[in-house]
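First, one chain by itself in structure tokens, the form predicted alone.
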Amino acid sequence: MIKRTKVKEIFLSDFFFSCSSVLIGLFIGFLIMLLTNPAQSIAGILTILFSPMINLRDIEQVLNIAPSIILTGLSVCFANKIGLFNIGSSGQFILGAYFAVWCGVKINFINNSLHFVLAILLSIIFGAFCGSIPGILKAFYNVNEVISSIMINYISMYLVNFMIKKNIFDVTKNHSKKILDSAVTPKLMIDNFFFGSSVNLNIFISIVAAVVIYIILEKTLFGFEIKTCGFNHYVARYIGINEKKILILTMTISGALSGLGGGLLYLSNTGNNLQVIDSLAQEGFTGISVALLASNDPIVIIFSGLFIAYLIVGGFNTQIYNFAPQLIEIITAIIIYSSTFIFLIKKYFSKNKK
């Protein structure tokens, strides 16, 4: 009986839940490889699993990609603590990215690190503004946050496209103008540990953000109020918590995290430029898988973000075997679906564990 209980506890653990989701995604990805290019399928899956750890350039890419998806993962996680699904992370991300780049291009009277700080502050402010709108609509008019967030995503995308063309468009290269050197993310000699690569402060900023979010949620009254509202809003009202205020603040901070992720990515000087395309920022949706894999734990999100970044780089490398770069997006999407499915199974067994 004791052994049976232990097996059940392992099955219901977050670790088993996350590993199962990843294995399902990789397995189905391998089946797709097998069907489309059987001769190279084994080489392709091995490339996804091992290539990023043996090449310094790939390690550098992982560390440059991870911060933005860690932050969007934190954004989804933070909103989820109050029982909301922030699917608007993509719009918040791109709006924050635009204003960071705009500051990096247009503000030319600051020639020191304050330029970078100002650009980051703008990305946070406009990401927060974008996140607050679904929060306000939910708090005062009970508008479903998923619907309002999706609408805001497209409004943000088309608004950014318009503003890029209007203000910072480089017609010779068909994307945004190059930001000034003073607005580029400082390296603070971090690159010396990676033999002069482009690794910078971004990864540490994202880790600090995760720690701060953990402290807010676990060690502060505000965090207690957020989780109480998420657990039972009737109880929250009964003990005197201002539910509307907490809801709006939560969505505002959630949006700020996504905006920060966008700002950091496009200020990192790794060849990223804003383009005028009718497509939502993928990082916002990748953040969903990062949060789900971590079971909405801010600290674990650091590792799940690094892992998803690892898969993205490994998936990109499969192009040498004639696999489409979109393959890893399919695998990530499957991980999201399987995470949701396993979560429902876990919830069912948790309710019936007695």
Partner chain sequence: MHIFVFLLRQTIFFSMPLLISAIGAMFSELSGIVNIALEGIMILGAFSGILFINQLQDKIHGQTLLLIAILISALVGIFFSLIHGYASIKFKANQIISGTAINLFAPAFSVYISRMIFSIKQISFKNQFIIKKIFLLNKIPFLGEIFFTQTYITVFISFFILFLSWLVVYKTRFGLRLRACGENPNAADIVGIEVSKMQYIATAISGALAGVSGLTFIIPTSTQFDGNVAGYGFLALAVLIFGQWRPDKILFASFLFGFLKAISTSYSEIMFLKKISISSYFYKSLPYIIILIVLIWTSKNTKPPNALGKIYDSNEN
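Positions refer to the first chain, counted from 1. Quick caveat, the model's predicted, so the values are computed rather than measured.
There is also a form predicted together with its partner chain; it is not shown, and the following applies to it.
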Margin query: To verify the annotation, which of these, Leu49, Ala324, Ile299, Ala43, has a non-hydrogen atom within 4.5 Å of its partner chain in the predicted complex?
Written below: Ala324
Checklist line | Interface residue in the predicted complex among Ile152, Ile213, Ile203, Ile246, criterion: non-hydrogen atom within 4.5 angstroms of its partner chain | finding: Ile152
Check: Is there a non-hydrogen atom of Asn55 within 4.5 angstroms of a non-hydrogen atom of its partner chain in the predicted complex?
Finding: no
Notebook entry, point to check: Quick one: does Val117 come within 4.5 Å of its partner chain in the predicted complex, counting heavy atoms only?
Noted result: no
Note to self: Residue-level question: is Phe109 within 4.5 Å of its partner chain in the predicted complex, judged on heavy atoms?
What the structure shows: no
Check: For Ile147, is any heavy atom within 4.5 Å of its partner chain in the predicted complex, or not?
Finding: yes
Margin query: If contact means a heavy atom within 4.5 Å, which one of 98-106, 138-146, 219-227, 250-258 is the stretch that engages its partner chain in the predicted complex?
Written below: 138-146
Checklist line | Partner contacts in the predicted complex for 272-291 (non-hydrogen atom within 4.5 angstroms of its partner chain) | finding: Val276, Asp278, Phe285, Ile288, Ser289
